[in-house]
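Okay, so here's just one chain, in structure tokens, the form predicted on its own.
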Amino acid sequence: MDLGIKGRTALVCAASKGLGRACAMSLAREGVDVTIVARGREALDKTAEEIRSLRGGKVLAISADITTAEGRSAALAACPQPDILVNNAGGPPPGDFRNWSRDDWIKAVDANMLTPIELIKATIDGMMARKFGRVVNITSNSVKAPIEELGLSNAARSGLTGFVAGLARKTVKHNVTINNLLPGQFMTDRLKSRSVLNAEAAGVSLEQYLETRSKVIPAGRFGDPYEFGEFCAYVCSAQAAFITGQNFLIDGGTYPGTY
């Protein structure tokens, strides 16, 4: 299927690894010119080279911390009028809420709620004026089914979800949609690194730990980031113009509810 976005421009945050990288690659395969942003220069440049090898859209790599005002300024200077904005940032650490300070809460809200809102604020009017825009926020399945030890993430990402629910109904008549993707357990570098630590703590091999954890997922496996990226590309497509304000669970059936 031709998604109708060849030649469009996209700003993809936290795109050097994991799900952000997958989204950038899927968009590039569709002929989108992508600006990818991440803090680590080495991984960022490697991803940029991989995208260039696709012979799809062009790629520009910006090393910056998107959760800071300086980082956002650098990203927007490189891609001031994106047709597609993919908001993404690493989640705050797990823990017990009794141990979190006010600064911990502010940092989580800054990264996972206010940063996406600031980027939407900077780009949404241009999208509406051009009569095309797709905003995709990568949040978490914890928005739908809160995870006890991820209270900082649960709260900040839920705040973004509430904000989007209102705004998305105002922009869609201008062919600008805003949607959220809620990933479950995908085989990313982050999942792998956490699994190594958890396996050591449990006194089992990494292979045993991953096998046990994957069995909890109804699909019987972890998600492939490629699958996530392809779904993101569709949500950004010309054909998805009638979809807005939605929260798409991509979790292999883990969430047990009907609604």
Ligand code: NAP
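Just so it is clear, the structure is predicted and the values come from calculations on it, not from any experiment. Numbers follow the displayed sequence, beginning with 1.
Note that the form predicted together with this ligand isn't included here; everything after this is about it.
- With the partner omitted from this view, the residue of Arg190, Lys46, Lys58, Lys215 that lies near this ligand in the model of the complex is Arg190 [heavy atom within 4.5 Å].
- Residues within 4.5 angstroms of this ligand in the model of the complex, judged by any non-hydrogen atom, belong to 133 to 141 and to none of the other stretches in 170 to 178, 101 to 109, 75 to 83, 133 to 141.
- Contact annotation for the candidate site: Lys17, Pro183 and Phe186 all lie close to this ligand in the model of the complex (heavy atom within 4.5 Å).
- Interface membership of Asp33, defined by any non-hydrogen atom within 4.5 Å of this ligand in the model of the complex, is ruled out.
- Although the partner is absent from this view, Ala64 contacts this ligand in the model of the complex, with a non-hydrogen atom inside 4.5 angstroms.
- Although the partner is absent here, Thr123 sits far enough away that none of its heavy atoms falls within 4.5 Å of this ligand in the model of the complex.
- Heavy atoms of Arg29 never reach within 4.5 Å of this ligand in the model of the complex, leaving it off the interface.
- Although this ligand is not shown here, in the model of the complex the stretch 90 to 108 places heavy atoms of Gly90, Gly91 within 4.5 Å of it, in sequence order.
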